[in-house]
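Just one chain is shown here, as structure tokens, and it is the form predicted on its own.
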Amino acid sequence: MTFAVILVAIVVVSVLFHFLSPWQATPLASNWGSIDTTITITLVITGIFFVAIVLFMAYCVYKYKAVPERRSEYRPENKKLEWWLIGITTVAICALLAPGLIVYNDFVHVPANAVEFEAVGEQWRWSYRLPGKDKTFGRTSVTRIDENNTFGIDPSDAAGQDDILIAGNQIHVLINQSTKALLRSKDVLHDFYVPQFRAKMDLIPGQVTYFWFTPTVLGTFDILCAEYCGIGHYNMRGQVVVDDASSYQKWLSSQVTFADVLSGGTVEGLVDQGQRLASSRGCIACHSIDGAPSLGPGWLDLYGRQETLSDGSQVKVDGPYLIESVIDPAVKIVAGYPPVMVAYQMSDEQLDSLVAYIASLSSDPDNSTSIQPSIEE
């Protein structure tokens, strides 16, 4: 009897938790409401079977509990019951599979009027590329990727000269415009996921994957990496900004092309370069940027602060100190932190950009603007 009551209680609590749980789906902001519908159908069908099976178990436990005068009874197979079970199971499986197949067919067939952007994932950041006026992406190759050509675009390909490069973690798209996201990874497996859009897709090294969506709500939406990609996975975030036409054109006009980069321009400012460097070298895996505890000293409001070292002395966090901490971290260990950081070899330009990024995280404007150079004249 007790076990039967427990089974009934499990059913009641499970159903109530589903409807009363605070962890509900985020508001829909794209055309993929059909994915929500498919999930709902799946939950309803599996929920009905779950409730029916557990309640049947509770009934059997109560009805056929062991008593001294009762003996087990053998009955031959029941063909009629077997056919009913086969039929019900078949109908349920078809009902589970059919909506998913219909949605998947829509998911892999991109509308002819869709515009494209490319999202490039690397540990642990996002960057983006848009086709220029020719509406064609230039050829890329991993062998061409370097500090100046972070997308690996072929300089000899005329189609790539007007490609628009976005080095930050934020991409803008047009509202109510079907959009195809081309996805490629520089290193390991990643996943491009915007919860409000429902659609998502893995980035597989050596391949170009894709998905499409039509944004239907103006606003800014977080991009999450939904595939474990290393120690900094939790911090691999970006944003999709859904704009109206005028806002989108204003943003687009401020971006640079690959031709600009080849002529001596840069895709990003000094702080942005430092942010990219910190992400690509894995710095933010051990140094938090939001004040949270971390393996090494956090960078929020670090620049300009007095730090106590393991030997009891104090040091002011400035440009030369930060650079020394990068190229020879064992010299000055901050008290309370283990001496686990390895030395990094970086150019003067890279060190300056990293210092600029750390300084930009300071809330003191006097500290964040008075960045000392990495090399003395």
Partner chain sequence: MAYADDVENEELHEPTGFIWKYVWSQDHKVIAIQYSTTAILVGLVALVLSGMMRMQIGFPGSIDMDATAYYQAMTMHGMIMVIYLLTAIFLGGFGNYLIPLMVGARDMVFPFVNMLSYWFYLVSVLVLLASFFVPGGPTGAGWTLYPPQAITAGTPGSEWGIILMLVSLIIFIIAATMGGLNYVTTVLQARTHGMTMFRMPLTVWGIFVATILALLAFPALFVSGVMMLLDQTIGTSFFMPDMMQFGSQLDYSGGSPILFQHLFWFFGHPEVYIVALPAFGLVSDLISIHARRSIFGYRMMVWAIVSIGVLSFVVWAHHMYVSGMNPYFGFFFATTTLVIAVPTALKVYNWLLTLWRGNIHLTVPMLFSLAFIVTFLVGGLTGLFLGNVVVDIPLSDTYFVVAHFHMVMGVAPILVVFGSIYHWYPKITGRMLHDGIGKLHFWITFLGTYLIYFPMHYLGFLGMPRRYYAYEDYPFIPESAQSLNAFITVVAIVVGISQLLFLFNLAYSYFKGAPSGGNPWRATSLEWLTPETPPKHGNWGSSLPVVHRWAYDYGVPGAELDYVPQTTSAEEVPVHESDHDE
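Basically, rigid core = biggest C-alpha set you can superpose within 1.5 Å across the two forms. This is a predicted model, so every value here is computed, not measured. Positions refer to the first chain, counted from 1.
One more form of this protein should be noted, the form predicted together with its partner chain, which is absent from this view; the next part is about it.
Proximity to its partner chain in the predicted bound form, taken as a non-hydrogen atom within 4.5 angstroms, holds for one residue of 327, 331, 309, 340, which is 340.
Put simply, of 255, 235, 177, 247 only one has a heavy atom within 4.5 Å of its partner chain in the predicted bound form, and it is 235. Heavy atoms of residue 205 reach within 4.5 Å of its partner chain in the predicted bound form, making it an interface residue. Looking at residue 43, you'd find a heavy atom of it within 4.5 angstroms of its partner chain in the predicted bound form. Among heavy atoms of residue 313, none comes within 4.5 Å of its partner chain in the predicted bound form. Contact check for residue 118: every heavy atom lies farther than 4.5 Å from its partner chain in the predicted bound form. The partner is not drawn, yet in the predicted bound form one stretch among 161-169, 301-309, 130-138, 193-201 has residues with heavy atoms inside 4.5 Å of its partner chain: 193-201.
Residues 67, 70, 71, 72, 73, 74, 75, 76, 77, 78, 81, 82, 83, 85, 86, 89, 90, 93, 96 are the ones in 67-96 with at least one heavy atom within 4.5 Å of its partner chain in the predicted bound form, listed in sequence order. Residue 33 is not among the residues whose C-alpha shifts by 2 Å or more between the shown form and the other one once the rigid core is aligned; its shift stays under 2 Å. Once both forms are fitted on their core, a CA shift of 2 Å or more is seen for residue 337 between the shown form and the other one.
Core-superposed comparison between the shown form and the other one: the CA of residue 51 stays below a 2 Å shift.
Whereas the shown form places them at one spacing, the Cα atoms of residue 251 and residue 350 lie at least 3 Å farther apart in the predicted bound form. The gap between the Cα atoms of residue 350 and residue 125 is larger in the predicted bound form, by no less than 3 Å, than in this form.
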